[in-house]
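The form predicted alone is given below as one chain in C-alpha coordinates.
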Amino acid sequence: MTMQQFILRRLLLMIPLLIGISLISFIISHSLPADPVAAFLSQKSMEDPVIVATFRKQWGLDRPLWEQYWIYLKNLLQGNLGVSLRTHRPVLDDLRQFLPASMELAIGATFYSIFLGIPLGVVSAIKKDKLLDHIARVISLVGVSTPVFWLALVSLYIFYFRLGWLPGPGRLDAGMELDVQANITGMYTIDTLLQGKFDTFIIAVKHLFLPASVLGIGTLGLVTRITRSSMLEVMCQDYIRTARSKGLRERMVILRHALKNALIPTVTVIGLSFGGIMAGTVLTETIFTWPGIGRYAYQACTKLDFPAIMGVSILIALIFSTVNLLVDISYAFLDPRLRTGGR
(Lines give C-alpha, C1' and ligand atoms only; values in the text may rest on other atoms or scores of the structure.)
Protein backbone atom coordinates (compact mmCIF):
# COMPACT_ATOMS: atom_id res chain seq x y z
CA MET A 1 0.00 0.00 0.00
CA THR A 2 1.43 3.38 -1.03
CA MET A 3 1.43 6.41 1.24
CA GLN A 4 -1.27 8.07 -0.89
CA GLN A 5 -3.55 5.04 -0.59
CA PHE A 6 -2.94 4.91 3.15
CA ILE A 7 -3.86 8.57 3.61
CA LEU A 8 -6.99 8.21 1.44
CA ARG A 9 -8.10 5.15 3.40
CA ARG A 10 -7.65 6.92 6.71
CA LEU A 11 -9.59 9.95 5.48
CA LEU A 12 -12.49 7.76 4.37
CA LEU A 13 -12.50 5.97 7.74
CA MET A 14 -13.03 9.33 9.44
CA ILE A 15 -16.59 9.47 8.07
CA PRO A 16 -18.00 6.47 10.01
CA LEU A 17 -15.90 7.52 12.99
CA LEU A 18 -17.51 10.97 13.13
CA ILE A 19 -20.96 9.44 12.66
CA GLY A 20 -20.32 7.08 15.57
CA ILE A 21 -19.08 9.96 17.74
CA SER A 22 -22.19 11.97 16.89
CA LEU A 23 -24.43 9.04 17.88
CA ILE A 24 -22.64 8.51 21.20
CA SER A 25 -22.70 12.24 21.98
CA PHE A 26 -26.39 12.44 21.09
CA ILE A 27 -27.30 9.49 23.34
CA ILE A 28 -25.25 10.74 26.30
CA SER A 29 -26.40 14.37 26.07
CA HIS A 30 -30.08 13.41 25.77
CA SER A 31 -29.81 10.89 28.61
CA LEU A 32 -29.14 13.59 31.19
CA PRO A 33 -31.93 13.91 33.78
CA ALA A 34 -32.56 17.56 32.90
CA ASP A 35 -34.70 19.58 30.55
CA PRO A 36 -33.07 22.22 28.31
CA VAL A 37 -36.35 24.14 28.31
CA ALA A 38 -35.99 24.78 32.05
CA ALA A 39 -32.42 25.95 31.50
CA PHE A 40 -33.46 28.70 29.06
CA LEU A 41 -36.95 29.78 30.12
CA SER A 42 -37.76 31.63 33.31
CA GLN A 43 -39.91 30.12 36.03
CA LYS A 44 -42.85 32.26 34.97
CA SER A 45 -42.51 31.16 31.33
CA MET A 46 -42.31 27.52 32.39
CA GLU A 47 -45.75 27.85 33.91
CA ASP A 48 -47.22 28.77 30.53
CA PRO A 49 -47.72 25.58 28.45
CA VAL A 50 -48.05 27.59 25.23
CA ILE A 51 -44.59 29.14 25.65
CA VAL A 52 -43.07 25.78 26.54
CA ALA A 53 -44.68 24.07 23.53
CA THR A 54 -43.56 26.88 21.22
CA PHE A 55 -39.97 26.64 22.48
CA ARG A 56 -39.90 22.87 22.01
CA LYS A 57 -41.31 23.12 18.50
CA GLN A 58 -38.93 25.93 17.53
CA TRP A 59 -35.86 23.86 18.46
CA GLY A 60 -37.29 20.49 17.36
CA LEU A 61 -37.41 19.12 20.92
CA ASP A 62 -40.99 17.92 20.42
CA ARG A 63 -39.91 15.26 17.91
CA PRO A 64 -38.97 11.68 18.85
CA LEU A 65 -35.29 11.21 19.67
CA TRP A 66 -34.63 9.00 16.63
CA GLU A 67 -36.10 11.67 14.35
CA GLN A 68 -34.05 14.40 16.05
CA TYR A 69 -30.87 12.41 15.46
CA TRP A 70 -31.79 11.58 11.87
CA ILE A 71 -32.32 15.26 11.10
CA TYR A 72 -29.06 16.14 12.84
CA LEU A 73 -27.16 13.44 10.93
CA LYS A 74 -28.47 14.63 7.56
CA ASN A 75 -27.44 18.18 8.40
CA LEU A 76 -24.05 16.96 9.64
CA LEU A 77 -23.29 15.23 6.34
CA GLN A 78 -23.97 18.58 4.66
CA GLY A 79 -21.58 20.41 6.98
CA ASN A 80 -24.35 21.88 9.14
CA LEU A 81 -23.85 21.45 12.90
CA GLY A 82 -27.11 23.11 13.82
CA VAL A 83 -27.86 26.28 15.77
CA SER A 84 -26.78 26.86 19.35
CA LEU A 85 -29.64 27.20 21.81
CA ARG A 86 -27.56 29.58 23.92
CA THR A 87 -25.98 31.94 21.37
CA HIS A 88 -28.67 31.56 18.65
CA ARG A 89 -25.84 31.33 16.12
CA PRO A 90 -24.76 28.44 13.90
CA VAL A 91 -22.54 26.12 15.94
CA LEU A 92 -20.03 26.09 13.10
CA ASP A 93 -19.63 29.87 13.39
CA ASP A 94 -19.15 29.58 17.15
CA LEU A 95 -16.48 26.92 16.69
CA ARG A 96 -14.68 29.07 14.12
CA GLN A 97 -14.67 31.94 16.60
CA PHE A 98 -13.42 30.02 19.65
CA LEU A 99 -11.19 27.37 18.05
CA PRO A 100 -8.17 29.64 17.30
CA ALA A 101 -7.74 30.55 20.99
CA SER A 102 -7.76 26.87 21.99
CA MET A 103 -5.42 25.93 19.16
CA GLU A 104 -2.99 28.65 20.22
CA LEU A 105 -3.10 27.38 23.80
CA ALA A 106 -2.77 23.71 22.80
CA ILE A 107 0.11 24.37 20.38
CA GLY A 108 1.89 26.45 23.02
CA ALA A 109 1.45 23.66 25.59
CA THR A 110 2.69 21.05 23.12
CA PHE A 111 5.81 23.01 22.16
CA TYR A 112 6.49 23.61 25.85
CA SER A 113 6.36 19.88 26.57
CA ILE A 114 8.50 19.03 23.51
CA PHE A 115 11.26 21.57 24.06
CA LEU A 116 11.63 20.63 27.73
CA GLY A 117 10.54 16.98 27.74
CA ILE A 118 12.80 15.58 25.01
CA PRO A 119 16.05 17.16 26.32
CA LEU A 120 15.15 16.09 29.88
CA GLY A 121 14.51 12.54 28.68
CA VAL A 122 17.78 12.39 26.73
CA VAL A 123 19.84 13.79 29.61
CA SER A 124 18.10 11.44 32.04
CA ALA A 125 19.01 8.43 29.88
CA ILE A 126 22.62 9.52 29.37
CA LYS A 127 23.09 10.26 33.08
CA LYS A 128 21.24 7.17 34.27
CA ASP A 129 21.00 6.83 38.07
CA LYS A 130 22.91 10.08 38.57
CA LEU A 131 21.73 13.40 40.01
CA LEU A 132 20.39 14.77 36.69
CA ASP A 133 18.48 11.54 36.11
CA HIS A 134 16.82 11.75 39.52
CA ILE A 135 15.89 15.41 38.97
CA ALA A 136 14.36 14.65 35.55
CA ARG A 137 12.40 11.72 36.96
CA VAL A 138 11.04 13.85 39.80
CA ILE A 139 9.97 16.54 37.32
CA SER A 140 8.19 13.97 35.15
CA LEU A 141 6.48 12.40 38.16
CA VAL A 142 5.27 15.78 39.42
CA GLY A 143 4.07 16.72 35.94
CA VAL A 144 2.04 13.54 35.49
CA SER A 145 0.51 13.48 38.98
CA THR A 146 -0.29 17.17 39.61
CA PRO A 147 -3.95 18.18 39.01
CA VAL A 148 -4.21 20.87 36.36
CA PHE A 149 -6.78 23.00 38.19
CA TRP A 150 -4.67 23.08 41.38
CA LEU A 151 -1.51 23.95 39.46
CA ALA A 152 -3.35 26.69 37.57
CA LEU A 153 -4.61 28.33 40.75
CA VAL A 154 -1.25 28.06 42.51
CA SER A 155 0.60 29.42 39.46
CA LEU A 156 -1.72 32.42 39.24
CA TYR A 157 -1.32 33.11 42.94
CA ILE A 158 2.50 32.90 42.89
CA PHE A 159 3.57 34.33 39.52
CA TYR A 160 0.77 36.88 39.03
CA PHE A 161 -0.56 37.92 42.44
CA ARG A 162 2.50 37.55 44.69
CA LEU A 163 5.51 38.05 42.42
CA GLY A 164 3.95 39.96 39.52
CA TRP A 165 6.29 38.28 37.03
CA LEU A 166 3.55 37.26 34.60
CA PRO A 167 0.23 38.87 33.60
CA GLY A 168 -3.13 37.65 34.83
CA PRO A 169 -6.00 35.93 33.02
CA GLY A 170 -6.98 36.81 29.47
CA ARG A 171 -5.20 36.80 26.13
CA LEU A 172 -4.04 40.44 26.37
CA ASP A 173 -3.88 43.21 28.92
CA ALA A 174 -7.11 44.92 29.89
CA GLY A 175 -8.29 47.38 27.24
CA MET A 176 -6.11 45.93 24.47
CA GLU A 177 -8.62 43.52 22.92
CA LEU A 178 -9.90 46.15 20.48
CA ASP A 179 -6.36 47.12 19.43
CA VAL A 180 -5.71 43.72 17.87
CA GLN A 181 -7.60 42.72 14.74
CA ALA A 182 -6.99 38.99 14.88
CA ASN A 183 -8.74 38.31 11.58
CA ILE A 184 -5.96 36.35 9.88
CA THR A 185 -5.61 33.17 11.94
CA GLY A 186 -7.34 34.17 15.18
CA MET A 187 -4.14 33.39 17.12
CA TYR A 188 -2.86 36.56 18.71
CA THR A 189 0.80 35.53 18.75
CA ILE A 190 0.77 34.90 14.99
CA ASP A 191 -1.51 37.75 13.97
CA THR A 192 0.46 40.37 15.88
CA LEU A 193 3.64 39.21 14.15
CA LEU A 194 2.00 39.30 10.73
CA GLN A 195 0.71 42.81 11.46
CA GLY A 196 4.10 43.98 12.72
CA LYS A 197 2.83 44.73 16.23
CA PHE A 198 5.84 43.39 18.07
CA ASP A 199 5.04 45.08 21.40
CA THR A 200 1.62 43.45 21.40
CA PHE A 201 3.25 40.16 20.39
CA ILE A 202 5.40 40.22 23.53
CA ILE A 203 2.32 40.87 25.66
CA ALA A 204 0.43 38.02 23.96
CA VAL A 205 3.33 35.62 24.57
CA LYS A 206 3.47 36.60 28.25
CA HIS A 207 -0.25 35.92 28.62
CA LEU A 208 0.12 32.60 26.80
CA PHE A 209 3.11 31.33 28.76
CA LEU A 210 1.45 30.55 32.11
CA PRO A 211 -1.71 28.74 30.87
CA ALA A 212 0.32 26.87 28.24
CA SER A 213 2.84 25.76 30.86
CA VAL A 214 0.08 24.60 33.20
CA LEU A 215 -1.73 22.75 30.43
CA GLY A 216 1.45 21.14 29.09
CA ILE A 217 2.97 20.00 32.39
CA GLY A 218 1.28 16.60 32.20
CA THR A 219 2.47 16.01 28.64
CA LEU A 220 5.95 17.17 29.69
CA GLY A 221 6.09 14.38 32.25
CA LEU A 222 4.94 11.77 29.73
CA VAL A 223 7.37 12.93 27.03
CA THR A 224 10.27 12.88 29.51
CA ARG A 225 9.50 9.36 30.71
CA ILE A 226 8.91 7.89 27.24
CA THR A 227 12.02 9.55 25.79
CA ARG A 228 14.14 8.28 28.66
CA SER A 229 12.94 4.68 28.38
CA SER A 230 13.27 4.70 24.57
CA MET A 231 16.78 6.14 24.73
CA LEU A 232 17.86 3.52 27.27
CA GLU A 233 16.58 0.77 24.99
CA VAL A 234 18.15 2.21 21.85
CA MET A 235 21.55 2.84 23.48
CA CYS A 236 21.94 -0.92 23.99
CA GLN A 237 21.42 -1.77 20.30
CA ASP A 238 24.20 -3.18 18.11
CA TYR A 239 24.21 -0.29 15.63
CA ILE A 240 24.99 2.14 18.46
CA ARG A 241 28.03 0.07 19.45
CA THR A 242 29.03 -0.07 15.78
CA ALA A 243 28.78 3.72 15.45
CA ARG A 244 30.96 4.16 18.50
CA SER A 245 33.49 1.63 17.23
CA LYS A 246 33.86 3.71 14.05
CA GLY A 247 35.13 6.57 16.14
CA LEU A 248 32.08 8.86 15.86
CA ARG A 249 31.70 11.56 18.46
CA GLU A 250 29.40 10.66 21.33
CA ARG A 251 27.27 13.70 20.53
CA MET A 252 26.81 12.50 16.94
CA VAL A 253 25.98 8.97 18.10
CA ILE A 254 23.29 10.26 20.46
CA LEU A 255 21.68 12.88 18.23
CA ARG A 256 21.94 11.25 14.81
CA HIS A 257 21.64 7.55 15.56
CA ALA A 258 20.05 7.02 18.97
CA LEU A 259 17.62 9.93 19.33
CA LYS A 260 16.13 9.62 15.84
CA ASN A 261 15.06 6.03 16.49
CA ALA A 262 14.02 6.72 20.07
CA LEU A 263 11.65 9.45 18.95
CA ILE A 264 9.14 7.07 17.34
CA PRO A 265 7.24 6.21 20.57
CA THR A 266 7.69 9.82 21.73
CA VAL A 267 5.98 11.12 18.61
CA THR A 268 3.05 8.79 19.31
CA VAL A 269 2.70 10.16 22.83
CA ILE A 270 2.93 13.76 21.61
CA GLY A 271 0.25 13.17 18.98
CA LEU A 272 -2.18 11.53 21.39
CA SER A 273 -1.41 14.14 24.05
CA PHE A 274 -2.24 16.99 21.67
CA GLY A 275 -5.73 15.63 21.24
CA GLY A 276 -5.96 15.18 25.00
CA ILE A 277 -4.83 18.77 25.53
CA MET A 278 -7.55 20.04 23.18
CA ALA A 279 -10.15 17.96 24.99
CA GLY A 280 -8.91 18.97 28.44
CA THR A 281 -8.76 22.74 28.12
CA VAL A 282 -12.02 23.29 30.02
CA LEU A 283 -10.51 23.88 33.47
CA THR A 284 -7.49 25.80 32.20
CA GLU A 285 -9.53 28.10 29.98
CA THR A 286 -12.07 28.69 32.73
CA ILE A 287 -9.46 29.63 35.34
CA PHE A 288 -7.42 31.80 32.98
CA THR A 289 -10.50 33.35 31.31
CA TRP A 290 -9.29 32.06 27.96
CA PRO A 291 -12.05 32.38 25.32
CA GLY A 292 -11.65 29.02 23.66
CA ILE A 293 -13.46 25.78 22.95
CA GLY A 294 -13.13 24.64 26.56
CA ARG A 295 -15.08 27.58 27.99
CA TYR A 296 -17.58 27.29 25.15
CA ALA A 297 -18.14 23.60 25.98
CA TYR A 298 -18.49 24.38 29.69
CA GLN A 299 -21.11 27.06 29.03
CA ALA A 300 -22.93 24.74 26.63
CA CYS A 301 -23.07 21.97 29.25
CA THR A 302 -24.43 24.29 31.95
CA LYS A 303 -27.24 25.34 29.61
CA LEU A 304 -27.85 21.88 28.10
CA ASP A 305 -27.08 23.30 24.68
CA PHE A 306 -27.26 19.99 22.80
CA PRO A 307 -26.13 21.23 19.34
CA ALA A 308 -23.11 22.99 20.84
CA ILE A 309 -22.16 19.98 22.97
CA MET A 310 -22.30 17.66 19.97
CA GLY A 311 -20.44 20.16 17.80
CA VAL A 312 -17.56 20.34 20.27
CA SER A 313 -17.49 16.52 20.58
CA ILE A 314 -17.29 16.06 16.80
CA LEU A 315 -14.60 18.74 16.52
CA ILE A 316 -12.42 17.09 19.18
CA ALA A 317 -12.87 13.70 17.50
CA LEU A 318 -11.85 15.21 14.16
CA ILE A 319 -8.74 16.75 15.73
CA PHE A 320 -7.83 13.40 17.34
CA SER A 321 -8.18 11.58 14.01
CA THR A 322 -6.21 14.19 12.09
CA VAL A 323 -3.36 14.23 14.59
CA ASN A 324 -3.18 10.42 14.61
CA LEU A 325 -2.96 10.47 10.82
CA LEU A 326 -0.12 13.01 10.92
CA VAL A 327 1.68 10.89 13.52
CA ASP A 328 1.44 7.79 11.30
CA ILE A 329 2.80 9.77 8.35
CA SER A 330 5.69 11.08 10.45
CA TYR A 331 6.80 7.49 11.13
CA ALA A 332 7.89 7.21 7.51
CA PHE A 333 10.28 10.12 7.96
CA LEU A 334 11.67 8.89 11.29
CA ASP A 335 12.12 5.25 10.24
CA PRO A 336 13.35 4.69 6.65
CA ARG A 337 12.29 1.01 6.84
CA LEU A 338 8.65 2.12 6.71
CA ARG A 339 9.23 3.93 3.42
CA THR A 340 10.65 0.76 1.85
CA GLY A 341 8.04 -1.62 3.25
CA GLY A 342 10.46 -3.11 5.81
CA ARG A 343 12.97 -4.31 3.19
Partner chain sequence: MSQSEQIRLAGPSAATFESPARHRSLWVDAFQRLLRNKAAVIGLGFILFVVLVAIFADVLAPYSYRDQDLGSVYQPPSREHLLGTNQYGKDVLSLLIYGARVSITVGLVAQLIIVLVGVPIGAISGFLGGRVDMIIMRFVDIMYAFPDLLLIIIVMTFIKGALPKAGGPLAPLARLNELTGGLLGVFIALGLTWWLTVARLVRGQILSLKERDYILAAQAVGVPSRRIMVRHLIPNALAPVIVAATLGVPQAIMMEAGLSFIGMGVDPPTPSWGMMIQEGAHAIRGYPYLVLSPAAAIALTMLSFNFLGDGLRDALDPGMKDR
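All figures in this text were calculated on a predicted structure; none of them were measured in a lab. Numbering follows the first chain given and starts at 1.
There is another form of this protein, the form predicted together with the partner chain, and it is not shown here; the text below is about that form.
With the partner omitted here, the stretch from 80-88, 202-210, 225-233, 113-121 that lies within 4.5 Å of the partner chain by heavy atoms in the model of the complex is 225-233. The candidate spot formed by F6, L105 and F274 is out of contact with the partner chain in the model of the complex: none of the three has a heavy atom within 4.5 Å. Shown without its partner, this chain lists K128, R251, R96, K246 as candidates; in the model of the complex, only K128 has a non-hydrogen atom within 4.5 angstroms of the partner chain.
Comment: the partner chain is not present in this chain, but in the model of the complex one of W150, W165, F198, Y239 has a heavy atom within 4.5 Å of it, namely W150.
The partner chain in the model of the complex comes within 4.5 Å of no heavy atom belonging to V323. Contact check for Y69: every heavy atom lies farther than 4.5 Å from the partner chain in the model of the complex. In the model of the complex, the partner chain sits beyond 4.5 Å of every heavy atom of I184.
In the model of the complex, none of the heavy atoms of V50 sits within 4.5 Å of a heavy atom of the partner chain. If you take 270-295 and check each residue for a heavy atom within 4.5 Å of the partner chain in the model of the complex, you get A279, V282, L283, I287, in sequence order.
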